[in-house]
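Next comes just one chain, in structure tokens: the form predicted on its own.
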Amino acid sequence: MRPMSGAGTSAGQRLAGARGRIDKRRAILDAAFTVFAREGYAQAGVDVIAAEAGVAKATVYNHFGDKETLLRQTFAALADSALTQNLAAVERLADHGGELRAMLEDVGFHLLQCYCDDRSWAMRRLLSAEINQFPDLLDIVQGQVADRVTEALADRLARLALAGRLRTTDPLLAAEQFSALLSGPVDKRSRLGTRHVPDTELRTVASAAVHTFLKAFAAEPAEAT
């Protein structure tokens, strides 16, 4: 067997180094979220974040520069993860000829699961605590997640309207109202995330939301009963 060339060894080392850097970055972001959520931005020490991530304090600064940048990058990473989960839930709303109420209830339930995820609650609480000092965090959460999920939901509702299954000339408004019918009750039931809401209760919320939604937007009275 011929020995590995120096060029091949160098390429492998670079690849391993890149993977190691990505792993460290992910570990730092996960640790930062844990510490920020637990202690708040002002009290969160970079040394504590580094210890939580299992890296040197200097490594945190090498990756992110300062604590403010780390906070923003933490929110951006959380937003990306939340977007993926929420879009997967919205994609379940496809017109395959199934019963409309059942499809909407299924999507509503999965959106509520995303909304009630522990990390999702923690992110919203952290946003509320730090928004006065860092108002741009709202742009990250709103622009990267909430608006894009609402737009995706509006697109699905528009398709249902074109198929004659919903009655709306403003799918974006319908999507906003559907989301509000889901999140409003669960905010109260969960006491803003301090109480676990079991799946059976989430399904009840989703069912009630769909019932009200179809009263307003169903194309056929039979589907709104």
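Bear in mind the structure is a predicted one, so any value in this text is a computation, not a measurement. When you see a residue number, it is the position in the sequence shown, counting from 1.
Here the subject shifts to the form predicted in complex with another copy of the chain, a form of this protein not shown in this document.
- A heavy atom within 4.5 Å of another copy of the chain in the predicted complex is found for one listed residue only; from R38, R26, R159, H63, this is R38.
- Note on contacts: among R72, R119, R125, R92, the single residue with a heavy atom within 4.5 Å of another copy of the chain in the predicted complex is R125.
- Among residues of the shown chain, A56 is not one whose heavy atoms approach another copy of the chain to within 4.5 Å in the predicted complex.
- Contact between H196 and another copy of the chain in the predicted complex is not found at the 4.5 Å heavy atom cutoff.
- The closest non-hydrogen atom of Q142 lies within 4.5 Å of another copy of the chain in the predicted complex.
- Using a 4.5 Å cutoff between non-hydrogen atoms, L138 counts as a contact of another copy of the chain in the predicted complex.
- In the predicted complex, L173, E176, Q177 are the residues of 163-177 with at least one heavy atom within 4.5 Å of another copy of the chain, listed from first to last.
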